[in-house]
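In structure tokens, the next block holds one chain alone, the form predicted alone.
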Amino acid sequence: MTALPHVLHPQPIAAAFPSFLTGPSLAGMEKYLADESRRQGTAEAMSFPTSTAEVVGAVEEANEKGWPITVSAARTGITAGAVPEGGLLLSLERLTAITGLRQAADGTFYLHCEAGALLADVQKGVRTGSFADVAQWSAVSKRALEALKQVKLFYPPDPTETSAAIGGTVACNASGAHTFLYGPTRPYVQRLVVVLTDGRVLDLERGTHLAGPDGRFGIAQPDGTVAWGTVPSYLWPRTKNSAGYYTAPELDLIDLFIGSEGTLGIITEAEIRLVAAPETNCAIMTFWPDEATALRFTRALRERRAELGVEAIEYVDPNAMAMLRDRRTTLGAASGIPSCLSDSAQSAIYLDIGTAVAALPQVLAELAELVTTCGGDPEQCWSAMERDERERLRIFRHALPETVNSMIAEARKRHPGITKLGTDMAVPDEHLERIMAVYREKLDAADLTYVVFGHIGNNHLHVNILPRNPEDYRKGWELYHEFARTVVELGGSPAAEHGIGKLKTDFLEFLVGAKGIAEMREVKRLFDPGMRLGMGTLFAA
């Protein structure tokens, strides 16, 4: 612990100056002005630094020119956080090195990555014990790698887009299906290197800088004074949540940056914690005669997640099952939907199981018994043990979003302005049935086409509204906002995993109120006095 644990001490480093694209040089670079939200932005300049020192140089140039700065890398986000609103687009896609590995005294392994390293490369490298940059590693890292090869480890965060960059997953506190058992990105981040908008660099390690009991913390200034701020006072939801700056008693200040969506500083390096992987995995698809029995099974699984090794619980609702059957009828085997899908299967629960090899037969037997107890038929379940079998189940699961996207594409041919409306909301455990009833009552009354699927283990269900025309889109958008308010009233989050970005800033105020927004702005001003970093993200520009 440092002598002043409540004070951060950013340090100057020698800047290197990357090249900039401006004016005519920006022609053909339009892909960097958008992300998966499909929103298109603008920029006066772009830069592609290859080191932390070059990021510092880019920040200094932006300061001189008065440019706002938007950070991007893999651009896999769907809330437009990486879409610039003028100024400098700072892409970290060339900071791709996985630079080292260490094993702590307690045996824990930590992997050091640059911010642009892809999640898929990290996960593959940990699984195989092979990294592209190992020739440049230190002798200590190479010895740790030999030790890593003797054990089975993995990095748990699993957003759907494995092409995401590590820095982006940290900046958005990414989560996914396996968050049910393992939690989101935050607890796996041990260290961050962050460039601030004044060009100084923070090197933050977990446990070294904490806010005081009153929430106060400071940042040392170049002249030796300390600028003081306070952690926001709102309570963090008791659910998955990716909206707003993290709060907790005596907050570890590294956690302010995790989930801050690139608005407090520019993450250029991260050290992430690896954990023991299960000896074996299997995937199971269970089918249910109605939604009520599927929800009953979900509750029963929650109570036994640890003993049964339940890593993920994913839901497919009756509307979605009907849509999948239609897809099978239209496309046949090319649909990815097996012909053995029973007509009596009105909803489905997908499970990922991770356990010891010797325990697997007993786990499967107990799951079969649980299915029977909850009103299902174990004989109708599909199970997949080997990688290729699990891949077939993955294709089945992904057939649903593909079907949704194809339906929207058809609707857009008639009405180009419409899009699907997909919610990203979670409620506490006790309100699962209530929020499902709210969704169905409101959507059915509005005569909207919709499906419900997703991370039911965390009560985090994606309601996909499929507008057929502009009037449907208007009604769906109004309901989307009504759902967000209801979820917040129930103690949940209107942005459980995709963040706020530039598209859901009104949802953030639903969650934390005007006072919370004001407190967040004060924290941002402390790190970014000019309010130029991530302009339009979290707060309306």
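Residue numbers here begin at 1 and follow the sequence given. Note that the structure is a prediction, hence the values are computed from the model and not measured.
Separately, the form predicted in complex with a small molecule exists; it is not shown, and the next lines address it.
Residue 156 falls outside the set of residues with a heavy atom inside 4.5 Å of the small molecule in the predicted complex. Taking the partner from elsewhere, residue 200 is found to have every heavy atom lying beyond 4.5 Å of the small molecule in the predicted complex. Mapping the unseen interface onto this chain, residue 76 counts among the residues with a heavy atom inside 4.5 Å of the small molecule in the predicted complex. The small molecule in the predicted complex comes within 4.5 Å of no heavy atom belonging to residue 121.
In terms of contact with the small molecule in the predicted complex, the residue from 255, 311, 261, 317 that brings a heavy atom within 4.5 Å is 261. Of the residues given (113, 427, 243, 71), 71 alone sits with a heavy atom within 4.5 Å of the small molecule in the predicted complex.
Stretch-level contact analysis of 381 to 389, 464 to 472, 319 to 327, 167 to 175 against the small molecule in the predicted complex, using heavy atoms and a 4.5 Å limit, identifies 167 to 175.
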